[in-house]
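Take a look at this single chain in structure tokens; it is the form predicted alone.
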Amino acid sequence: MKRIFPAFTYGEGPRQGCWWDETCAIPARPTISEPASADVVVIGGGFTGLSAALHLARKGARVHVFEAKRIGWGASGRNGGFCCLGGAKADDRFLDRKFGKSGRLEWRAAEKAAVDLVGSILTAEKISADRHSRGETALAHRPRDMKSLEAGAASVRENYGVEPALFFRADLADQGMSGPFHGAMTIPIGFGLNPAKYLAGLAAAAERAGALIFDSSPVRSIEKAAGGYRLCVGDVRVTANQVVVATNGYSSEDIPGWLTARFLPTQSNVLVTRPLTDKELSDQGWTSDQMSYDTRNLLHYFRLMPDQRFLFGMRGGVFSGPGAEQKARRAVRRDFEQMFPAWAHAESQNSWSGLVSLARSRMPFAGAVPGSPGMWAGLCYHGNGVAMGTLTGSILASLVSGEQPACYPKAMRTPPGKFPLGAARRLLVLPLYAGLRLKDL
């Protein structure tokens, strides 16, 4: 595989300490050992791939899912568990300019539909995933950011058809959200969940529908063949009529070759504390179970989970290796203690990192791989893949089946362009992060 970070990034090191692994034992799947054929091969066992497999199997397709490591090993199994609006980094002005007002509203409707889809899967498949939080709360880290939140309330009403709740600084204590914040806005769409439990349920649902899922089965090459594609999976040959590529930030540059430089993986770090006592929660003044984030460009995201552990995350560094990983873990702990000083003594033995994926267009993509009939891809959710990855999987399942997806905004249909610098493109994050940090002051 050709990847742009060092081998350490794609090994077990960054994942060591992941809290979700202690909460849910996802059963191991077999490794592919014999030549096989399928209607559709799905590459990647995360939210996108498993959602695609579930929806395809429900339509009667013979589906094989190949995961290089194990189900949810990548970003899907180590994220913050925010099922929320998002998936892009484009604002309303960009969307209006690029797609018109109707295109912008179409995209915003897709964000909401993505959250609803996860909720419907949880209900229909009876998946218990520790769901909580009534929407998502943005907390202003500067006075002027509260003014921006107030001004943005009208856009929330227009984009999502819901009424946001505004809270000023004096209101936050009553909401159980005390801290170094100057106000907040809650959009009543979305919820928090345990991503490992959701993944386990999603995989089981796909298998009940007829999909076959294989662990430790890396796809090493894809070749065009008569009537479809021939894949080398480990040391085994597999043929398929169609292929869905759902590897996102953990993609290989050459599987398929079209992916080269069309995504930019960046790191995100998370910690989880031990369970906090009622007194500790009261001392800090944070008792809300709202999934929340601050208004920084390089934002912090956090939530109090049902067992009273506190999850806190932030963007990581550009460099990767054992030393860089420890430095990033110290940084997330430092910011946690600065934001919630009453918990500076609370241990956080669980800390880990993973890769999110950015597109040059600032939009996710779901659609056909140009020049490769019968090959499809979904990627680049900009750190919001729980909902958008699930929706993308369902979109791809419809496209593979020759159907028009029920929700498929124009904003997701343009294949991502290439980043400059090729394999060295992760260095682009250095000036980007430097500029964003200045804007956050």
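Being a predicted model, the structure only gives us computed values, none of them experimental. Note that residue numbering follows the sequence shown and begins at 1.
From this point on, the text means the form predicted together with a small molecule, which you will not see here.
Student: I'd like to know if residue 1 sits close to the small molecule in the predicted bound form, meaning any non-hydrogen atom pair within 4.5 angstroms.
Tutor: Because a heavy atom of residue 1 falls inside 4.5 Å of the small molecule in the predicted bound form, the answer is yes.
Student: For residue 409, is any heavy atom within 4.5 Å of the small molecule in the predicted bound form, or not?
Tutor: No, residue 409 is distant from the partner.
Student: Taking heavy atoms only, is residue 178 within 4.5 angstroms of the small molecule in the predicted bound form?
Tutor: No, residue 178 is distant from the partner.
Student: May I ask you to state whether residue 336 is within 4.5 Å of the small molecule in the predicted bound form, using heavy atom distances?
Tutor: Output for residue 336 is no: heavy atoms all beyond 4.5 Å of the small molecule.
Student: Specify the contacting stretch among 167 to 175, 126 to 134, 343 to 351, 77 to 85, defined as having any heavy atom within 4.5 Å of the small molecule in the predicted bound form.
Tutor: The contacting stretch here is 77 to 85.
Student: Exactly one of 219, 118, 211, 196 has a non-hydrogen atom within 4.5 Å of the small molecule in the predicted bound form; which residue is it?
Tutor: So the residue touching the small molecule in the predicted bound form, by this definition, is 219.
Student: Since exactly one of 391, 68, 400, 41 fits, which has a heavy atom within 4.5 Å of the small molecule in the predicted bound form?
Tutor: Contact residue from the list: 68.
Student: Is it true that 146, 187 and 293, all three, sit within 4.5 Å of the small molecule in the predicted bound form, judged by heavy atoms?
Tutor: No.
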